[in-house]
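Just the one chain here, laid out as structure tokens, in the form predicted alone.
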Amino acid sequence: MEVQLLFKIAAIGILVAVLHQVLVKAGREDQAMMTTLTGLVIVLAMVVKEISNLFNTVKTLFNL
């Protein structure tokens, strides 16, 4: 696993947390929730891609 992936996930998490707090303070709870869900979907997409790469590596390793 690359360290860059962890930094990207951390950066997205920090950005989403700041945006969430700003939107909640502005009274826009609905948009804050949508921002949080969007950040979650982006991170999950990144993780799923890496898990797919892991499965392909395991399949290649064991000649499956």
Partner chain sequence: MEIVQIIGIAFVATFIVVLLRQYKPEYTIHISIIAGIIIFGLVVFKLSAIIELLQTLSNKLGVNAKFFAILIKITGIAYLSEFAVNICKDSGESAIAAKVELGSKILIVSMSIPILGALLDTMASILP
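Numbering follows the first chain given and starts at 1. All values derive from a computational prediction rather than experimental measurement.
Keep in mind that the form predicted together with the partner chain is missing from the display, and what follows is about it.
Determine whether any heavy atom of Thr36 comes within 4.5 Å of a heavy atom of the partner chain in the model of the complex, and answer yes or no.
Thr36: yes, in contact with the partner chain in the model of the complex.
Check whether Val22 has any heavy atom within 4.5 Å of a heavy atom of the partner chain in the model of the complex, and answer yes or no.
Answer no; every heavy atom of Val22 is more than 4.5 Å from the partner chain in the model of the complex.
Those residues of 32 to 64 which, in the model of the complex, come within 4.5 Å of the partner chain by heavy atom:
The stretch 32 to 64, when checked against the partner chain in the model of the complex, contributes Thr36, Gly39, Leu40, Val43, Leu44, Val47, Glu50, Ile51, Leu54, Phe55, Thr57, Val58, Leu61, Phe62, Asn63, Leu64 at the 4.5 Å heavy-atom cut-off.
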